[in-house]
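What follows is a single chain, given as structure tokens, in the form predicted on its own.
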Amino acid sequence: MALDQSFVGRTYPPTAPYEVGREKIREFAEAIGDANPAYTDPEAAKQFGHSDVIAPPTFVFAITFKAAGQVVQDPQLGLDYSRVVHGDQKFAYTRPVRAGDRLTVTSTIEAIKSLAGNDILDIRGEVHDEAGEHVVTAWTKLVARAAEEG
């Protein structure tokens, strides 16, 4: 069943603040194999002009994807998550994420398309710090595969 086009433009409430910790950044950088010292060493980060360690660019996926859960779990949308695969991800930064940031995410459905029986859902996550300043926009594309016939 195709997703309801009237959901395009629907914005969900901001998430509770997520506090970015140095250890979380270090663990993430280690997990992706990125040894950039700006991710683990506060002094190195300061030499690059940052007030504290910064997070690798894809770090915010964890919080923006969790925030997109508000969309996915909306019973009125009718998305069958058991058929969903992650289609694409992209980011546009105003500034890097830093240790100590308290970030909120506001998710908006940007597009709903049907293609070959699959529903394609584009979700935009606007990430702001506790001062209300924009940090990054993340776009997530989810594909709900068509039900198999027979």
Partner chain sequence: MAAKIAYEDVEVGTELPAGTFPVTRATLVQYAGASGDFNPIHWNETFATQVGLPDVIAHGMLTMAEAARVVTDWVGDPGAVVEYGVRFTKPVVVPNDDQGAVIEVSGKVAAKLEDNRVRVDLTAVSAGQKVLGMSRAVVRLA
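The model shown is predicted, which means the values in this text are computed figures rather than measured ones. Numbering follows the first chain given and starts at 1.
Another form exists, predicted in complex with the partner chain; not displayed. Remarks below refer to it.
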Tell me, which of Gly87, Gly117, Gly100, Pro42 has a heavy atom within 4.5 angstroms of the partner chain in the predicted bound form?
Gly87
With heavy atoms only and a cut-off of 4.5 Å, decide whether His50 touches the partner chain in the predicted bound form.
yes
Touches the partner chain in the predicted bound form: Glu110 (any heavy atom, 4.5 Å)
no
Can you tell me if Ala38 lies within 4.5 angstroms of the partner chain in the predicted bound form, counting non-hydrogen atoms only?
yes
Hey, in the predicted bound form, is Pro57 touching the partner chain, heavy atoms inside 4.5 Å?
yes
Going by the partner chain in the predicted bound form, which residues of 24-56 come within 4.5 Å of it through any heavy atom?
Lys24, Glu27, Phe28, Glu30, Ala31, Ile32, Gly33, Asp34, Asn36, Ala38, Tyr39, Gln47, Phe48, His50, Ile54
